[in-house]
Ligand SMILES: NC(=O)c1ccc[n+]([C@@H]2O[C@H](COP(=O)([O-])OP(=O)(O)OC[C@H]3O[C@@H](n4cnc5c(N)ncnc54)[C@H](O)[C@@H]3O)[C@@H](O)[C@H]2O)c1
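Form predicted alone, single chain, as structure tokens, below.
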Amino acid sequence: MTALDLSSPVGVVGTGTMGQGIAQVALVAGHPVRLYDAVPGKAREAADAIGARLDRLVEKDRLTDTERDAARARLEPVEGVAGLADCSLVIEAVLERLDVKQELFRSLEEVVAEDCLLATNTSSLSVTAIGGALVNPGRFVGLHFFNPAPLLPLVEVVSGFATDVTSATRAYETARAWGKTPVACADTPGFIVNRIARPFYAEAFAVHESQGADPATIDAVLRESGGFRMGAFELTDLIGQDVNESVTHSVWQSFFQDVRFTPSLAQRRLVESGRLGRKSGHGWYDYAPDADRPEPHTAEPERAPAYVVAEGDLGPAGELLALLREAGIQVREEEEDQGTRLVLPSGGQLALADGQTSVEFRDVVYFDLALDYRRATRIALSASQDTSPQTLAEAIGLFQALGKKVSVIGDVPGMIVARTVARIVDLAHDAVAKGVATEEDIDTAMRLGVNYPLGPFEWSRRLGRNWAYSLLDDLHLRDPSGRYAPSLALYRHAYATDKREGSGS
């Protein structure tokens, strides 16, 4: 099944930001586009707004005058669903209410041709449930664009329980013909991106709620060590706290209140207070013109140790050994079967975050995971009240000698980046095992949909295929609520890897 022919009209219902964006995408691709909105006059206003954006594309040399004029000629606002009768595809971007969407599609089904593809841009409702109102749900599919639709390449093509393969394939190929990057997924709460992205927000909020670190420090560590484009607090302020919490709550409820998706009480209080982020002038951060942006905690300079003893290869942090030598710090290596530690001159230890706490061991400092230890500009350290001041000072000085800023947080098992990445990897494995999407599509969706520096499976391969399981298993022992219990899919993945290694094959 190929993409829709460019001569085929595309209908867009709902003329808010998303509706206008989707209409612009179809229009620039070359289709005639019909715009409809239930509010009188809104479709005409939307057509004018789209025309103005086409003018700006000409100013930026992304369209020629001729292309703009042709696109404008193909754009037609209509006064009712009957005006969409000749469309080969109709996409809705209306209010996120099941009854509203079902009623709309029932009315569309009465006027469009039998082979017209019907699509929803929902981000939180079940595609299966919306399509369940149709006489022919086989032609119904989810086409979830990301905002702003003209700029962001990702489109999740969601097959409901009754969606025909031919319908999903046609929608997929049409999105690709429009210059988008489609990914195929089953109808599951949150689809791919909004399902697998939940830990990025949840773990940051959990560290804050446990008094492990303040928002500015957590955001800085996620950016400067984890390689994320934005931290969780600044990103949710940009999205809108009400919007982000609503998606989290929807996914949590849809998974029958699965503890892995439990919303944040701190975020709930933020929404209740009206602090919704940038749009309200205050969220986690204050956006008043005269407000000072809080700075992340950064440790004062300390003297670097003259040497360290490396027990083992440090696993995912192995690159640190070369960096230490380049910085003039002597590295004495000792072979250890399970060693992943640096022993400091004071006798204290420095270890990569593994889901355990500093208070469990005598004089240990944990350091967080980094996407790239050479390029990272900040490293987080975790210590307990039992960690000696000398050990902590040596640990701080060591990373400062590598040119890193250092943020010392509380005794947080799994720290910030490590526990976040481990949970993302776990949810990704679980999604593949349950037929939500392929590994390749999940990696693509997370890179393009939320700008992750790596897809979950790219991270998994880089870190070692049992790394996430081991860290989450440690966390689960310390928090047996089920939040950190590794999925069966991740367990099988780690066990199979260990078994092959043990057999020497």
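From 1 onward, residues are counted along the sequence shown. Everything quoted here is computed from the prediction, not taken from an experiment.
As for the form predicted together with this ligand, it is not shown, yet the points below apply to it.
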- Message: Please determine whether G11 contacts this ligand in the predicted bound form, using a 4.5 Å cut-off between heavy atoms.
- Response: no
- Message: Taking any heavy atom pair closer than or equal to 4.5 Å as contact, tell me whether I329 reaches this ligand in the predicted bound form.
- Response: no
- Message: Using a 4.5 angstroms cut-off on non-hydrogen atoms, would V39 count as touching this ligand in the predicted bound form?
- Response: yes
- Task: Would you check, heavy atoms only and a 4.5 Å threshold, whether T262 touches this ligand in the predicted bound form?
- Result: no
- Though this ligand is not shown, can you say which of W252, Y172, F145, Y373 has a heavy atom within 4.5 Å of it in the predicted bound form? F145
- Which residue, K101, R198, K180, R378, has a heavy atom that falls within 4.5 Å of this ligand in the predicted bound form? K101
- Within 4.5 Å of this ligand in the predicted bound form, heavy atom basis, the matching stretch of 432 to 440, 31 to 39, 471 to 479, 60 to 68 is 31 to 39
- Query: Taking G19, V94 and N121 as the candidate spot, are all three within 4.5 angstroms of this ligand in the predicted bound form by heavy atoms?
  - Reply: yes
